[in-house]
Every structure is written in structure tokens, then in C-alpha cells.
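Shown below, as C-alpha cells, is a lone chain in the form predicted on its own; questions about how it binds or moves come after it.
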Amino acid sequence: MLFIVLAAGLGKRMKSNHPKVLHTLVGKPILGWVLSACRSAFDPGQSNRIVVVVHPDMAEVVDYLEWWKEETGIKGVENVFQSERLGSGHAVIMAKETIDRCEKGERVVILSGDVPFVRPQTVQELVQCAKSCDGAVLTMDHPNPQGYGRVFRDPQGFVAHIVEDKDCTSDQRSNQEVNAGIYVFEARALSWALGRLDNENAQREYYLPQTVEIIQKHQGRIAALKVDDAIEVSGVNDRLQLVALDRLMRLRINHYWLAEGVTIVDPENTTIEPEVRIGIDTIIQPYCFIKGKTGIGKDCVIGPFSQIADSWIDDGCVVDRSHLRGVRAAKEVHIGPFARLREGTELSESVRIGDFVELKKTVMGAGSKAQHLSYLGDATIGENVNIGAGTITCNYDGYHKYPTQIGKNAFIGSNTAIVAPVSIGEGAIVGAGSVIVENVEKDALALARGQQVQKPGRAAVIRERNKK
């Protein structure tokens, strides 16, 4: 099958420097949702290709398509340019060379790049509907059809013609069955009809729906499939619609996970992006943002206001009001509240990361803990290590990053500065307030602080002086 996605529209009402189809719903570009629907609707028994029609000024869209091809591994994706925006029919004509390479009987699916809710199942049903005809059109009944093309059927129920809203007579405008803008055609019939399009209409544009009438007038048959849910075929024209559909998409995703055994305490105020995976009996509390390719195991608790991106959280973990990106946490890890874990951090089983702790590219062994007010960067920490409050690894000299090694069962006292590169041996103890600039041997006690001096009665003198 050949899928053609029309994405060359300006989207002026978005008032944006970026193409409309790259604005996001739940973290994924509108065009990405449409491409995913195409991919899921592929016929496994055929060669499947996708052509996206864009304007030459849309370099961002072309770049996104290259990224999407690499990300999905689908090679049969290309773009063609529509230099002049002369209507939907003209946009499809830009892909005519690809259409003409289709085999006889091959189906061409045409979708809009700004209709993100279309379900793959609906596309597949429309393809089946078109198998015994020259094509099929997706329609819906709309209580307020203003702006939509009206669909008119013949006595047998096939589509006779589609009239755009601006070309409708007053009687025709009362028809509530409207064109949803998604089509399937037999390739040869479509190519033949495209060659006979004209622009004799109010907009002086080449309308794709005219192909339906052209095919029908030459003894062809175009079926219609009516959808019940108007949201499925809703487009995005401005930011108000974008926000409304974003909310509905979030709810669709959250309702899916509720049905899969995940507790989402407040679905209206929880964002879970489409590539996230979550295990059963996990609890997601309100105002969480779970993004990218994140996986969360079963029996976890993700506390309110947490932000997790591109991370793996294993079974039985707790993340409490914390930010994680590019993190891997093994079973029974407890993170937060108010922790920040950055890319390259790996936490083994039963690690404890407490409040106002930041980790970057740090590996912590099983049972180790950093409970308060610490920064650990470029560090490798063994099992059962205690990191005292206020400990930092001084890993950056303004030009390069340097590693810190801490052996298992070591104890790092509070307010310690470890100046990398440095190694602290197994079982070593570092006294509180130390500045460690040299390696510490196994089982050694390291102290690196100035000698305490005491001057009796001096405090009272200072107070009196300050009062005066």
C-alpha cells in the first residue's frame, strides 16, 4: 500500500515560526501521530510506502522525516514538494509519479498531516471498505457542519459527489454527513482522476474530493465509511484546538494504562507520553510528567510533581517529587523528595537517594545511600557506601571532567569535598569537613581539615564590641 500524508499547509492560525504539523500533542509532533497510524495500518502482506507532501520552506519537516525513518527503521518514506499551495488535489498530484509506480489493484491511502487522532483500525476498515470498489471516503455526521464538505450518496449508498462548504447551495448546506478528509483509492483509478481535476470553484483550487465525482461519473464506485467519533477526525488549526486535543490525547493514553492495571490518581493532571511503558500495580500520583522512552516496572510509586524522561525504573521503586533523565534504577530504589538525577546515572538495588541530591553520570552499588544535600558527578560508588550530607565530588576544572572512585563499605562524612581524580578504598572512613585531594587506602581514616583553635572568653568580647 501507498500512504500519502498531506502536510504542506501553512497553518497561519497557529501564529508560529514552526510548521503546524510539528507542534506537539503529549510530547509527540502532530505529524508523528499520523505517521504512527500509517505504520500501524501497514498491510503485512504487501510492500508499504509513505509519501509526505510538504512545502519547500518546510526544512524542519524534512529533517523530522529523516529522524523518524532512522528511529523506526522504515526505509520506504519519502517527501515530495508542493511549491504552490493550490488545494488538496494539487497536493496529491505532486505524488503522482509515485502513484503511477503502484501495481494495478494497489491501494492508496490519503490522510491529512494535521489529524492526529485517526486510529489505525479505522484506516484498515476503510481499506477493506474500498477493496470491492474504486475507492472509499471516511465520513461522519456533524451537528454543525459549517466548513466541511458535504457528502451526497446515490440510491445504492455509494458516494455520488462531495461539495465543499463554500460551493454549497443553501439546500446542500443542510446535509449533515460531511467529508472527514481521509480516502482510499485504487491506484490506477486515482491517477486517472487526478489528470481530470479542474479548479472551477469558489477558491480556484484543485479539490481532491472532485476525484470522487470524476470516478463515479465514469461508472466507478466510491464507498463511504462513517465514523461515530468526531474527535477521531478532528484537525488542528489553531492553538486552542491544539490544547483541546492535547487534553483528549492525554486522557486516551491514561485511560489505556488504567485499563492495563496502573493506578493514575488524577488522569486529568498526569502526562504520560506514548512510548512510556508501565507495569501493573504501579501508582502514578498527580502532576507527574513521564516522557520519552521511559519504562516503569510493577509495584512502583511515582510521587506527585515528578518528571521522568528516557529512564528505566525497576519493580518496587519509589520516586518522590524528583527529576530524572537518562537514569537506570534497579529494584527497590528510593529517590527523593526533590532529587535531580541526570544522564548516565545507574542505581543498583536498594539504593537510597534523598532530598536535594544531584547525581550525574554516577554509578551506585547496592545498598548505598546519599540522603541529603549532595552532588555526585562522574563517580563510581561501591556497595553499602554512606555519603554524608553536603558531600560533593569536585569533578570539573573548567575544561575537563574527572572521575571519583569510592570502594564498598566506605563512609564519607558530612561536608566533604572530594577533588577528582581521586580514589577512596574499601571500608575507608573520611572525616566530616574534609577536602580530599589524594587517594585514600583501604580501611584508612582520612582527615583533611584545619586544626581547631579555642580562645576562652573571646566570644563575650566580640559580642560587646559588636553592640558598641
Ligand code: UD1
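Because the structure is a prediction, the values reported are computed rather than measured. Residue indices: 1-based, along the sequence shown.
One more form of this protein, predicted together with the ligand, exists but is not displayed; see below.
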#### Entry: Partner proximity in the predicted bound form: residue 164 to the ligand, non-hydrogen atom cutoff 4.5 Å
yes
_Quick check on residue 180: any heavy atom within 4.5 Å of the ligand in the predicted bound form?_
yes
- Query: Is residue 296 a contact residue for the ligand in the predicted bound form, using a 4.5 Å heavy atom cut-off?
  - Reply: no
Within 4.5 Å, heavy atoms only: does residue 237 come near the ligand in the predicted bound form? yes
Answer key: of 149, 382, 220, 354, within 4.5 Å of the ligand in the predicted bound form (heavy atoms) is 149
Partner-free chain; cross-checking the ligand in the predicted bound form, the single residue of 173, 252, 204, 85 with a heavy atom within 4.5 Å is 85
The stretch from 69 to 77, 224 to 232, 358 to 366, 87 to 95 that lies within 4.5 Å of the ligand in the predicted bound form, judged by heavy atoms, is 87 to 95
Of the residues spanning 4 to 22, the ones with some heavy atom within 4.5 Å of the ligand in the predicted bound form are 6, 7, 8, 9
